[in-house]
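Presented below, as C-alpha cells, is a lone chain in the form predicted alone.
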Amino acid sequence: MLLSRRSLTLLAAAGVLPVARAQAQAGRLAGREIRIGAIVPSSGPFAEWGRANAATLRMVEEQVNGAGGVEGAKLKLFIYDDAARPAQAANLVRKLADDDKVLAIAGPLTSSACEVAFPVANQAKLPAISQASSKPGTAAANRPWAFRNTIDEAVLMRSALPFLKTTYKVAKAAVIYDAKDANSVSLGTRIMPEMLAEHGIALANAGNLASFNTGDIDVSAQVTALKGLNPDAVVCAADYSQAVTVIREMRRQGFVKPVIGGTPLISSAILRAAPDMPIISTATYYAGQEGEAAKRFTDAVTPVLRRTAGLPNTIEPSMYDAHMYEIVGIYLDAVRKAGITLADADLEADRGRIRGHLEHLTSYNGLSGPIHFNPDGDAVKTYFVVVGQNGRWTEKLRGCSTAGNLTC
C-alpha cells in the first residue's frame, strides 16, 4: 500500500500531511514510538467502512514515518477489528490500554460500540476519539476522556430539515429506521419526529413508525406501507449499507421521493442505488468536496482504497476516513505541543497531557477548516448540507457547530 513520493509531496505542500510541520524539530523524541490504537469494524455490517478506515490509517502511518516521524519518533498504529460488536470494542480498549500501552485511541466507529467502550476508556484514563458516532450525548455521558470528531445529528438536522422543507415543498414526511443500530434508533424515533414537528412538517406514520433490522434484505412490506401514506419525503434513519435496501425498494415500487437521513447516508453506494432520487444528508467531508486540503486528501487516499483487498475498485473515501486522518493528526499535534515524552514511565502522564491538549485545542487545521472540541467532547467544525443525485454529492449549504466562543 505504498503511497507515491508525488502524493506525499502534494499532501505536505497542502498542509494536510500530519507531520508537515513537525520535521523542523526532529530529534527530541528520536528512537521512541508514538503508539496509537484504532478500533474499526473490518468485519460485520460496517466492514466496508472499517476496511477503508484501516487502509487510510496505514497510509497515514506511511506518510508520517516516510517523512521522518514526529521529532524523530516513529508512529506505530495498533488496528483492531471490533466487527461493530460493543462488547468486543470494550475488550479491545482494555487490550490497547494494558497490553499495547497506547497513548490514545481512534474509534470505535458506531455509537452502540462507543456507549460500551467509552466507559472503559474513562476507567483506563485513555483518550478516545470516535470517527463516526453521532448519537446525541454519547461523548457527554463519558467525560472527560471520550471525544468525537463528529457533530451530533440533532445539530446537523437544524440546517438540513429547513432545506428539505423549502426546496422540495415538504408538508408531510414518513419515517423508517434501523431498529438494531443505536444512532439510527435515536435519529428515527426521537430526533426526527421532534424536529419534524418543530419545523411544521406532519409525521405521516406517527405512532406507527416503520422499522427493520440490520441485515434485512426484504423491506417491501415496510416500503409499501410508506407509499400508501403518500408522504412528500421519507426519513431513512440508517447507515448507507442498510439504507440502500430501502432506497432500492422505493425505486422498484415507483415510490420516488426525496430521502433525508443522517451522516451515515453519505456513500457512493447510495448514489448508485437510485441516481434519480434526491438524497439529502449532512457531512463534514465528502468525495468531490471543494477546497485544496480536501482535494489533496481525496486524490491521495482514493487510489489507496481502490487497491485495498476487500474494497470495491470504485470506492470513494468517506467522511469517516477523513475523520480518522484528522484524529491521528490531532494526536500527533499533541505529541509536538503538549510536552509528551513517550517514556514508558510517563505513559499515564502522557495520556493526561493528550487529554488536556484536546480539551484546549484551538483551530487544528482539519480538511474542511479549524477543529475544536466543545465541553461535551464533540467537534466544533464546518459541516455541509448536501444532495446526492445523478452520481454526485453537491453542497447546498454550509454551517458551523458553534459552541460558545468556539467557531469555525
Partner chain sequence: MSAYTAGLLAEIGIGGIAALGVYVILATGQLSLGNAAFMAIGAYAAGWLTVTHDVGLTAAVLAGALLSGIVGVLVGFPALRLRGIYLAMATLGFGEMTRSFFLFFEPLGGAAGFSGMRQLQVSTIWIWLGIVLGVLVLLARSRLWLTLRAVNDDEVAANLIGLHATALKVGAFGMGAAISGISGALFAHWHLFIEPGNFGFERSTELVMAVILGGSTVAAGPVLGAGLLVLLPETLRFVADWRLAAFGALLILVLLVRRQGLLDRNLLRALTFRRRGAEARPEAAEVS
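Numbering follows the first chain given and starts at 1. Superpose the two forms; the largest set of C-alphas matching within 1.5 Å is the rigid core. Treat the numbers as computed from the prediction; the structure is a model and nothing was measured.
What comes next is about the form predicted in complex with its partner chain, which does not appear here.
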Report summary line: Contact with its partner chain in the model of the complex, heavy atom within 4.5 Å, among Y240, Y331, Y286, Y177 goes to Y177
Query raised in the report: Which of these residues, E249, D232, E71, E115, gets a heavy atom within 4.5 Å of its partner chain in the model of the complex?
Result: E115
Requested in this report: Answer with yes or no whether P278 is in contact with its partner chain in the model of the complex, where contact means some heavy atom within 4.5 Å.
Outcome: no
Query raised in the report: So in the model of the complex, does any heavy atom of P258 sit within 4.5 Å of its partner chain?
Result: no
Query raised in the report: Does the 4.5 Å heavy atom contact test between Y80 and its partner chain in the model of the complex come out positive?
Result: yes
Query raised in the report: Would S43 count as a contact of its partner chain in the model of the complex, using a 4.5 angstroms cut-off between non-hydrogen atoms?
Result: yes
Query - All of N91, K95 and S186 within 4.5 Å of its partner chain in the model of the complex, heavy atom check - result: yes
Requested in this report: Determine which one of 250-258, 269-277, 186-194, 224-232 lies within 4.5 Å of its partner chain in the model of the complex, judging by heavy atom distances; exactly one does.
Outcome: 186-194
Query - Residues of 47-76 having any heavy atom within 4.5 Å of its partner chain in the model of the complex, listed in sequence order - result: R51
Query - L77 C-alpha moves between this form and the one not shown by 2 Å or more, core aligned - result: no
Query raised in the report: Just checking, between this form and the one not shown and with the core aligned, does D181 shift 2 Å or more at the CA?
Result: yes
